[in-house]
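Next up: just one chain, as C-alpha coordinates, the form predicted on its own.
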Amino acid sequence: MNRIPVILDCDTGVDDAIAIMLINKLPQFNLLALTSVAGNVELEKTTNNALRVLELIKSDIPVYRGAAKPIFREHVKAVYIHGENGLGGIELPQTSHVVPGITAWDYIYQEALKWQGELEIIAIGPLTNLGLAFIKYKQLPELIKRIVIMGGSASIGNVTPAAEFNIYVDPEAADIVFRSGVPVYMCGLDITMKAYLTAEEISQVGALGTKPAKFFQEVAQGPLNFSLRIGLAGMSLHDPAAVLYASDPSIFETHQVGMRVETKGPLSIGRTVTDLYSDTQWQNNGFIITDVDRKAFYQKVIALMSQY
(Lines give C-alpha, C1' and ligand atoms only; values in the text may rest on other atoms or scores of the structure.)
Protein backbone atom coordinates (compact mmCIF):
# COMPACT_ATOMS: atom_id res chain seq x y z
CA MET A 1 0.00 0.00 0.00
CA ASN A 2 1.26 3.48 -0.90
CA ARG A 3 0.54 5.38 2.26
CA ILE A 4 -0.74 8.97 1.98
CA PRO A 5 1.59 11.63 3.41
CA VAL A 6 -0.47 13.67 5.86
CA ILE A 7 -0.03 16.40 8.47
CA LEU A 8 -2.55 16.72 11.31
CA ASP A 9 -3.04 20.38 12.27
CA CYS A 10 -4.70 20.55 15.69
CA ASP A 11 -5.52 22.58 18.79
CA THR A 12 -5.25 19.59 21.08
CA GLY A 13 -8.23 19.45 23.38
CA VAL A 14 -10.39 16.46 24.24
CA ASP A 15 -11.59 15.32 20.82
CA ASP A 16 -8.28 16.29 19.18
CA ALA A 17 -6.56 13.89 21.60
CA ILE A 18 -8.93 11.12 20.52
CA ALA A 19 -8.31 11.99 16.87
CA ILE A 20 -4.55 11.69 17.42
CA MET A 21 -4.97 8.24 18.93
CA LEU A 22 -7.13 7.12 16.00
CA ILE A 23 -4.98 8.49 13.18
CA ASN A 24 -1.94 6.81 14.72
CA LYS A 25 -3.52 3.43 13.90
CA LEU A 26 -4.79 4.19 10.38
CA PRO A 27 -2.69 2.20 7.89
CA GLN A 28 -3.63 4.46 4.95
CA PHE A 29 -1.62 7.37 6.33
CA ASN A 30 2.03 8.20 6.61
CA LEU A 31 1.59 10.66 9.47
CA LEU A 32 4.50 13.06 9.08
CA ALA A 33 3.85 15.36 12.04
CA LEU A 34 1.37 17.24 14.15
CA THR A 35 1.22 21.02 13.93
CA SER A 36 -0.23 22.92 16.88
CA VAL A 37 -2.36 26.05 16.90
CA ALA A 38 -4.14 28.17 19.51
CA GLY A 39 -7.80 27.23 19.69
CA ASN A 40 -9.51 25.26 22.43
CA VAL A 41 -6.82 26.59 24.80
CA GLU A 42 -3.61 28.60 24.47
CA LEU A 43 -0.85 27.51 22.09
CA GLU A 44 1.56 26.29 24.77
CA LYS A 45 -1.17 24.04 26.17
CA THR A 46 -2.29 22.68 22.80
CA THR A 47 1.35 21.99 21.92
CA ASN A 48 2.09 20.33 25.25
CA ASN A 49 -1.12 18.29 25.08
CA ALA A 50 -0.16 16.99 21.64
CA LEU A 51 3.27 15.99 22.93
CA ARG A 52 1.79 14.20 25.94
CA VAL A 53 -0.75 12.28 23.88
CA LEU A 54 2.05 11.12 21.58
CA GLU A 55 4.00 10.01 24.65
CA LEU A 56 0.96 8.07 25.87
CA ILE A 57 0.66 6.17 22.59
CA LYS A 58 4.42 5.74 22.22
CA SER A 59 4.65 7.69 18.97
CA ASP A 60 7.82 9.59 18.07
CA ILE A 61 6.42 11.81 15.32
CA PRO A 62 7.34 15.48 15.77
CA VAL A 63 5.12 18.40 16.79
CA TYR A 64 5.69 21.79 15.20
CA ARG A 65 4.49 24.86 17.07
CA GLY A 66 2.12 27.11 15.13
CA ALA A 67 0.23 30.35 15.63
CA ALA A 68 -0.45 31.69 19.12
CA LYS A 69 -3.39 33.83 18.00
CA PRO A 70 -5.62 34.39 14.98
CA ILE A 71 -4.27 36.47 12.11
CA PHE A 72 -6.33 39.59 12.89
CA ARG A 73 -8.36 38.85 16.02
CA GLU A 74 -7.99 38.13 19.70
CA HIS A 75 -7.95 34.49 20.70
CA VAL A 76 -11.28 32.93 21.76
CA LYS A 77 -11.02 29.71 23.81
CA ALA A 78 -13.37 26.83 24.63
CA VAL A 79 -12.42 26.02 28.22
CA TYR A 80 -16.07 25.46 29.11
CA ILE A 81 -15.84 22.22 27.12
CA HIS A 82 -12.17 21.27 27.29
CA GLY A 83 -11.20 22.62 30.71
CA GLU A 84 -8.42 25.06 31.53
CA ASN A 85 -5.70 22.60 30.49
CA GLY A 86 -7.52 21.44 27.35
CA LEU A 87 -7.87 17.85 28.50
CA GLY A 88 -10.69 18.22 30.99
CA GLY A 89 -8.30 18.54 33.90
CA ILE A 90 -6.62 15.19 33.21
CA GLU A 91 -2.85 15.51 33.55
CA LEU A 92 -0.96 13.13 31.30
CA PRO A 93 2.68 12.41 32.24
CA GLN A 94 5.36 14.82 31.13
CA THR A 95 7.05 14.08 27.83
CA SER A 96 10.62 13.95 26.64
CA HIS A 97 9.65 15.16 23.15
CA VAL A 98 11.36 18.35 21.97
CA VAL A 99 9.59 20.81 19.67
CA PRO A 100 11.68 21.64 16.57
CA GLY A 101 12.50 25.30 15.91
CA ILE A 102 10.71 25.60 12.56
CA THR A 103 7.20 27.10 12.59
CA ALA A 104 4.16 25.05 11.60
CA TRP A 105 3.53 27.07 8.42
CA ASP A 106 7.15 26.79 7.29
CA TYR A 107 7.11 23.05 7.99
CA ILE A 108 3.91 22.61 5.96
CA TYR A 109 5.56 24.32 2.99
CA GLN A 110 8.74 22.29 3.42
CA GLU A 111 6.81 19.01 3.29
CA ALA A 112 4.60 20.21 0.43
CA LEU A 113 7.73 20.86 -1.63
CA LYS A 114 9.08 17.44 -0.75
CA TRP A 115 5.90 15.57 -1.71
CA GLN A 116 5.14 17.61 -4.85
CA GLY A 117 1.35 17.56 -4.87
CA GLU A 118 0.77 14.39 -2.82
CA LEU A 119 0.60 15.97 0.65
CA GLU A 120 -2.78 16.08 2.43
CA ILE A 121 -3.65 18.22 5.44
CA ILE A 122 -6.22 17.27 8.06
CA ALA A 123 -6.99 20.43 10.03
CA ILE A 124 -9.09 19.99 13.18
CA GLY A 125 -8.58 23.37 14.81
CA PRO A 126 -8.70 27.01 13.71
CA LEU A 127 -7.10 27.40 10.28
CA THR A 128 -4.54 30.03 11.25
CA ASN A 129 -1.46 27.97 10.37
CA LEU A 130 -2.75 27.19 6.90
CA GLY A 131 -3.86 30.79 6.35
CA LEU A 132 -0.37 32.01 7.22
CA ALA A 133 1.21 29.36 5.00
CA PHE A 134 -0.89 30.46 2.00
CA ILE A 135 -0.08 34.12 2.65
CA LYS A 136 3.66 33.48 2.84
CA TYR A 137 4.03 30.88 0.07
CA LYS A 138 2.07 31.82 -3.04
CA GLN A 139 2.90 28.57 -4.84
CA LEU A 140 1.74 26.39 -1.95
CA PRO A 141 -1.80 25.66 -3.27
CA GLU A 142 -0.46 23.73 -6.25
CA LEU A 143 1.60 21.54 -3.89
CA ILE A 144 -1.23 20.28 -1.66
CA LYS A 145 -3.60 17.55 -2.84
CA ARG A 146 -6.50 18.30 -0.50
CA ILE A 147 -7.44 19.71 2.90
CA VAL A 148 -9.94 17.95 5.15
CA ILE A 149 -11.19 20.19 7.97
CA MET A 150 -13.33 19.89 11.04
CA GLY A 151 -15.16 23.17 11.03
CA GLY A 152 -18.11 25.10 9.75
CA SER A 153 -21.66 24.10 8.95
CA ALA A 154 -24.29 24.55 6.26
CA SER A 155 -26.91 24.94 8.96
CA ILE A 156 -26.35 25.57 12.68
CA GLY A 157 -23.55 27.09 14.73
CA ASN A 158 -22.30 26.15 18.18
CA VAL A 159 -20.40 29.20 19.41
CA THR A 160 -22.95 31.61 17.91
CA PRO A 161 -26.21 30.77 16.11
CA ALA A 162 -24.33 31.31 12.83
CA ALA A 163 -20.80 30.03 13.47
CA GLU A 164 -18.95 26.87 14.43
CA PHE A 165 -16.04 27.34 16.86
CA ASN A 166 -13.00 26.51 14.70
CA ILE A 167 -14.12 28.87 11.93
CA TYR A 168 -15.29 31.58 14.35
CA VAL A 169 -11.89 31.73 16.05
CA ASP A 170 -10.14 32.79 12.82
CA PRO A 171 -12.64 33.44 10.02
CA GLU A 172 -10.15 35.34 7.87
CA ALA A 173 -7.74 32.39 7.87
CA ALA A 174 -10.60 30.03 7.05
CA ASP A 175 -11.68 32.14 4.08
CA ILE A 176 -8.09 32.24 2.81
CA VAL A 177 -8.07 28.43 2.91
CA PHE A 178 -11.46 28.16 1.19
CA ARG A 179 -10.27 30.51 -1.60
CA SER A 180 -6.81 28.94 -1.94
CA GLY A 181 -7.65 26.68 -4.86
CA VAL A 182 -6.94 23.51 -2.88
CA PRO A 183 -10.04 21.27 -2.63
CA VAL A 184 -11.48 21.62 0.89
CA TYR A 185 -13.56 18.84 2.44
CA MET A 186 -15.64 20.35 5.24
CA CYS A 187 -16.67 18.06 8.08
CA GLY A 188 -18.85 20.57 9.86
CA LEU A 189 -21.51 20.33 12.51
CA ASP A 190 -23.91 18.88 9.93
CA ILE A 191 -21.94 15.63 10.19
CA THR A 192 -19.99 15.79 13.44
CA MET A 193 -23.10 16.18 15.60
CA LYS A 194 -24.23 12.85 14.13
CA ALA A 195 -20.86 11.17 14.79
CA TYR A 196 -21.43 10.62 18.49
CA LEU A 197 -20.74 7.89 21.00
CA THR A 198 -23.18 7.12 23.78
CA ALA A 199 -22.11 6.78 27.40
CA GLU A 200 -22.30 3.00 27.05
CA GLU A 201 -20.14 3.01 23.92
CA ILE A 202 -17.53 5.22 25.59
CA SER A 203 -17.47 2.75 28.50
CA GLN A 204 -16.95 -0.08 26.02
CA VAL A 205 -13.87 1.69 24.68
CA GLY A 206 -12.57 2.14 28.22
CA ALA A 207 -13.21 -1.55 28.93
CA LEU A 208 -10.51 -2.43 26.39
CA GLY A 209 -8.23 -1.82 29.34
CA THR A 210 -5.18 -0.25 27.74
CA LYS A 211 -3.81 3.09 28.88
CA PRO A 212 -4.99 4.87 25.70
CA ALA A 213 -8.45 3.29 25.99
CA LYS A 214 -8.78 4.30 29.64
CA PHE A 215 -7.63 7.81 28.78
CA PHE A 216 -10.25 7.92 26.00
CA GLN A 217 -12.98 7.12 28.53
CA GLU A 218 -11.70 9.54 31.16
CA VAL A 219 -11.11 12.51 28.87
CA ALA A 220 -14.55 12.08 27.26
CA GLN A 221 -16.47 12.47 30.51
CA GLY A 222 -16.62 16.27 30.60
CA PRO A 223 -17.93 16.74 27.03
CA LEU A 224 -20.20 13.71 27.48
CA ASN A 225 -21.81 15.16 30.59
CA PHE A 226 -22.19 18.55 28.88
CA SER A 227 -23.84 16.87 25.88
CA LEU A 228 -26.26 14.88 28.02
CA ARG A 229 -27.22 18.01 30.01
CA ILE A 230 -28.30 19.80 26.83
CA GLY A 231 -30.31 16.83 25.59
CA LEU A 232 -27.92 15.17 23.13
CA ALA A 233 -27.67 11.38 22.87
CA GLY A 234 -23.92 11.26 23.46
CA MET A 235 -20.57 12.95 22.95
CA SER A 236 -20.00 14.21 19.41
CA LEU A 237 -16.57 13.17 18.14
CA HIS A 238 -16.08 16.26 16.00
CA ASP A 239 -12.38 15.95 15.22
CA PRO A 240 -12.29 12.14 14.92
CA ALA A 241 -15.07 12.41 12.32
CA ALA A 242 -12.78 14.45 10.07
CA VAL A 243 -9.91 11.99 10.52
CA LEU A 244 -12.09 8.97 9.75
CA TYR A 245 -13.65 10.70 6.75
CA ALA A 246 -10.19 11.45 5.37
CA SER A 247 -9.26 7.78 5.69
CA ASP A 248 -12.50 6.26 4.35
CA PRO A 249 -15.45 8.31 3.03
CA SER A 250 -17.57 5.22 2.29
CA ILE A 251 -19.72 5.54 5.43
CA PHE A 252 -20.31 9.27 4.90
CA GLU A 253 -22.47 11.38 2.58
CA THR A 254 -20.60 14.03 0.56
CA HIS A 255 -21.80 16.91 -1.65
CA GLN A 256 -19.72 19.10 -3.95
CA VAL A 257 -20.39 22.78 -3.21
CA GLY A 258 -19.21 26.33 -3.40
CA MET A 259 -18.36 27.79 0.00
CA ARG A 260 -16.99 30.91 1.63
CA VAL A 261 -16.64 32.34 5.13
CA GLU A 262 -18.35 35.48 6.42
CA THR A 263 -15.75 37.77 8.00
CA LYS A 264 -17.92 40.84 8.68
CA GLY A 265 -21.18 41.53 10.43
CA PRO A 266 -21.59 41.14 14.21
CA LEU A 267 -24.30 38.47 13.89
CA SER A 268 -22.68 36.38 11.19
CA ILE A 269 -18.88 36.44 11.66
CA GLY A 270 -17.50 32.97 11.13
CA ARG A 271 -20.49 31.61 9.28
CA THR A 272 -19.63 29.18 6.48
CA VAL A 273 -21.85 30.07 3.55
CA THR A 274 -22.48 27.30 1.02
CA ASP A 275 -24.78 26.78 -1.94
CA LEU A 276 -25.82 23.35 -0.68
CA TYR A 277 -29.44 24.38 -0.08
CA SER A 278 -29.75 27.23 -2.60
CA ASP A 279 -30.78 27.37 -6.25
CA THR A 280 -27.80 29.56 -7.15
CA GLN A 281 -24.71 27.52 -7.99
CA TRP A 282 -21.35 29.05 -7.12
CA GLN A 283 -18.10 27.82 -8.55
CA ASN A 284 -17.39 24.62 -6.66
CA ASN A 285 -14.34 24.93 -4.44
CA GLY A 286 -14.92 22.05 -2.10
CA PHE A 287 -17.11 19.41 -0.56
CA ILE A 288 -19.36 19.28 2.48
CA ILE A 289 -19.99 16.09 4.42
CA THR A 290 -23.55 15.91 5.73
CA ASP A 291 -24.29 12.42 7.04
CA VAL A 292 -22.67 9.31 8.51
CA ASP A 293 -23.57 5.72 9.30
CA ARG A 294 -23.22 6.19 13.05
CA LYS A 295 -23.00 2.52 13.95
CA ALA A 296 -20.29 1.96 11.35
CA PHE A 297 -18.51 5.04 12.70
CA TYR A 298 -18.50 3.60 16.22
CA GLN A 299 -17.24 0.26 14.94
CA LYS A 300 -14.30 2.02 13.27
CA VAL A 301 -13.50 3.89 16.47
CA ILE A 302 -13.48 0.82 18.70
CA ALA A 303 -11.60 -1.26 16.09
CA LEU A 304 -8.80 1.32 16.02
CA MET A 305 -8.68 1.69 19.81
CA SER A 306 -8.52 -2.12 20.07
CA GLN A 307 -5.11 -1.99 18.39
CA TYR A 308 -3.49 -0.45 21.47
Ligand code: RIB
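All of these numbers come straight from a predicted model, not from anything done at the bench. All residue numbers refer to positions in the sequence shown, first residue = 1.
Below, we turn to the form predicted together with this ligand, even though it does not appear here.
Practice item. Select, from the options 236-244, 42-50, 66-74, 250-258, the stretch whose residues sit within 4.5 angstroms of this ligand in the model of the complex by heavy atom distance. Key: Going by heavy atoms within 4.5 Å, the stretch is 236-244.
**Study point:** Interface membership of residue 215, this ligand in the model of the complex, 4.5 Å heavy atom rule
**Key:** Taking the distances in the model of the complex, the answer for residue 215 is no, it never comes within 4.5 Å of this ligand.
Check your understanding: Taking heavy atoms only, is residue 174 within 4.5 angstroms of this ligand in the model of the complex?
Key -> The answer is no: residue 174 has no heavy atom within 4.5 Å of this ligand.
Check your understanding: Taking 4.5 angstroms as the cut-off for heavy atoms, does residue 166 touch this ligand in the model of the complex?
Key -> Looking in the model of the complex, residue contacts with this ligand include residue 166, since a heavy atom lies within 4.5 Å.
Exercise for review: Indicate whether this ligand has at least one heavy atom within 4.5 Å of a heavy atom of residue 158 in the model of the complex.
Suggested key: Residue 158 belongs to the contact set for this ligand.
Practice item. Let me know the one among 195, 108, 124, 186 whose heavy atoms come within 4.5 Å of this ligand in the model of the complex, would you? Key: The residue from 195, 108, 124, 186 that makes the contact is 124.
Practice item. Just give me the residues of 71-92, first to last, that have a heavy atom within 4.5 Å of this ligand in the model of the complex. Key: Read in sequence order, the lone residue that approaches this ligand (within 4.5 Å, in the model of the complex) is 82.
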